[in-house]
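Below, in structure tokens: the form predicted alone, a single chain.
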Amino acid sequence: MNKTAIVTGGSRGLGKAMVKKLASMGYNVVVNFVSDRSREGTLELINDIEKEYNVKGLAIQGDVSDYDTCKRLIDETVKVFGSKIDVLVNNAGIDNNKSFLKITPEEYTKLVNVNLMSYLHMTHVALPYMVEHKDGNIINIASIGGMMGVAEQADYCAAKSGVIGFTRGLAVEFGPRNIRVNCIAPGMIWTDMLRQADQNAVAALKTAIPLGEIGEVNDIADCMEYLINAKYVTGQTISPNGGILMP
């Protein structure tokens, strides 16, 4: 039987790695992207997974902080792949990286809408299909910032803490319906966001990591694979972070 997975913000970075991992696991994958400049890369990604893993991909552009966009995304998914949505990975995210004294209300509102509200919106429209089939797996991508304070990231930390709380609430409510909900809270991972940061600061932070290395995107994809297969795990937040935080 064909399996279907959806990844928001799936065109690059963590999302791209998880799309590839899902395809290697035999899932048809819906890849959401938001900007026109990501279109070509998304189509290339879909072409690659279709050729390498003999699965189907579907690219859907849209800003998932908008509820109607999320509804359209799910409607298109169901139209192409059917009503059984096996895995939803809520991954879309942005970063302001500004002192809270300098950030504008418009900036932090946009961040919260993308990093938290999109997770609520996507889940709200996908969940009825999972309930209908009495099966589903939701994986929310938070951050170590949702578990500890990070300077100039107050809005980001707030949104990611909300993702963790959202995960726990859903897991309790929908566990009896055979729907598992878990959270991944990455530490320092080599993504575009980290590569664009002050590399001297990155090097200094690296020395605080017990394993002595910054993580790779595949470390997060591997964690996702574990959570998909771990049938007795729900409501948990797993943080691949090299040991920098041990809650």
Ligand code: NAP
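Nothing here was measured: the structure is a model prediction, and the numbers come from that model. Heads up: residue numbers just count along the shown sequence, starting at 1.
This protein has a second form, the form predicted together with the ligand, left out of what is shown; the following refers to that one.
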| query | finding |
| --- | --- |
| Contact flag, K20 vs the ligand in the predicted bound form, heavy atom cut 4.5 Å | no |
| Proximity of G62 to the ligand in the predicted bound form, heavy atoms at 4.5 Å | yes |
| Any non-hydrogen atom of N91 within 4.5 angstroms of the ligand in the predicted bound form | yes |
| Partner contact for S35 in the predicted bound form: the ligand, 4.5 angstroms, heavy atom | yes |
| The ligand in the predicted bound form: contacting segment from 199-207, 175-183, 26-34, 43-51, heavy atom within 4.5 Å | 26-34 |
| Residue (of L58, A221, V55, M188) lying close to the ligand in the predicted bound form, criterion heavy atoms within 4.5 Å | M188 |
| Check all three, V114, S143 and D192, heavy atom within 4.5 Å of the ligand in the predicted bound form | yes |
| Interface residues of 6-36 toward the ligand, as seen in the predicted bound form [heavy atoms, 4.5 Å] | G9, G10, S11, R12, G13, L14, G15, N32, F33, V34, S35 |
